[in-house]
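As structure tokens, one chain now follows by itself in the form predicted on its own.
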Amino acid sequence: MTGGTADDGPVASARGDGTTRRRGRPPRTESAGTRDRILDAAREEFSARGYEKTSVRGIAKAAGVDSALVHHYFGTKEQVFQAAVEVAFAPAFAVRDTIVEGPVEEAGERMTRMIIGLWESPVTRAPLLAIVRSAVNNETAAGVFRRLIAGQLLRRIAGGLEVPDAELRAELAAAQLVGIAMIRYVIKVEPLASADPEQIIRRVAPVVQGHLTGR
């Protein structure tokens, strides 16, 4: 039997630049690379356009795939954004328990060092910028950000503090660090924007410690 069917695999469609865009599901060997490419494109789109002006179609176009593939891997635009947040904060989620392990009087320094380290790394800074800019300007994006950070990071930290009002303390500590990140990396106010990271950690860690334990 001649002619293509739905089981023949991805179909290429022409793009304006002369290249092709794959339609349908990719072979399994391409899945991981395709998913990563879509996430990379999503972070760039969210960073450049913000959450409201970013569309699944725009993400698909930037990734060189069909919109159906974006829906296949992630679902809605909100779910794409959530996946981007998870990837950006994966290093923090991986080491979150270390904040409350070890001497409790050093928890503030460990938390400060972790957050500043995420922003200082070129690998994680760009997606963080995209996420923060979107969350500041859109309530849906902010809701995704809150759910992930509160549920997967701050509550775990609070659970290991063993102090009264632990969740509030963890949130105050996070607010301190988010404020510094906004001024240093997003707004870029001097001299904070150019200050040595170690100097920032030395000065801020005691304040974060005060929020976490009151000591």
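The numbering used is simple: start at 1 and walk along the sequence shown. It should be emphasised that the depicted structure is a prediction, and the values quoted were computed from it without experimental measurement.
Not on display, but discussed next: the form predicted in complex with a further copy of the same chain.
None of the heavy atoms of Arg156 is located within 4.5 Å of a further copy of the same chain in the predicted complex. Residue contact with a further copy of the same chain in the predicted complex: Ile180 places a heavy atom within 4.5 Å of it.
a further copy of the same chain is not drawn, but in the predicted complex it has a heavy atom within 4.5 Å of Ala174. Interface membership of Arg146, defined by any non-hydrogen atom within 4.5 Å of a further copy of the same chain in the predicted complex, is confirmed. Relative to a further copy of the same chain in the predicted complex, residues Arg133, Val136 and Glu190 are all within 4.5 Å by at least one heavy atom. Residues Glu52, Lys53 are the members of 48-82 with a non-hydrogen atom no more than 4.5 angstroms from a further copy of the same chain in the predicted complex.
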